[in-house]
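Presented below, as structure tokens, is a lone chain in the form predicted alone.
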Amino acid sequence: MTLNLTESKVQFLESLADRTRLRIVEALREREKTVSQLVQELGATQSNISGHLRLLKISGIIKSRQEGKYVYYSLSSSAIADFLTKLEDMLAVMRREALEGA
């Protein structure tokens, strides 16, 4: 079954609409990381991080590669980092406009 554009947008945004998943994506903006590195950085359990990584991978937001006994996770595209930057810019504009209108 092929997702239409609206359904694809909903799936993408739902994948990011969780605090832990968004924090994982933000952490992977910097560089690729292992589950252990993400666990340490985010202060969550390994099973929690692994579950979120699985969902992010299924949704196509992240990818993985194996090197020896380690699996490294990274953003699947630089477009993901660009999207987050644009989102931050949009939120700053909205906040500024709300303050000006108040």
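Don't overthink the numbering: it's just position in the shown sequence, from 1. Note that the coordinates shown come from a computational prediction; the quantities given were computed from them, not determined experimentally.
Keep in mind the form predicted together with the DNA is missing from the figure; the text below concerns it.
- Shown alone here, S74 lies farther than 4.5 Å from the DNA in the model of the complex, counting heavy atoms only.
- The DNA is not drawn, but in the model of the complex it has a heavy atom within 4.5 Å of T20.
- For the chain shown alone, K63 is not a contact residue for the DNA in the model of the complex, no non-hydrogen atom being within 4.5 angstroms.
- Interface residue remark: R54 is counted as part of the site for the DNA in the model of the complex, having a heavy atom within 4.5 Å.
- Judged against the DNA in the model of the complex with a 4.5 angstroms heavy atom cut-off, the residues T6, F12 and I80 are out of contact without exception.
- Taking the DNA as positioned in the model of the complex, the residues of 21-39 that bring a heavy atom within 4.5 Å of it are, in sequence order, R21, T34, V35, S36.
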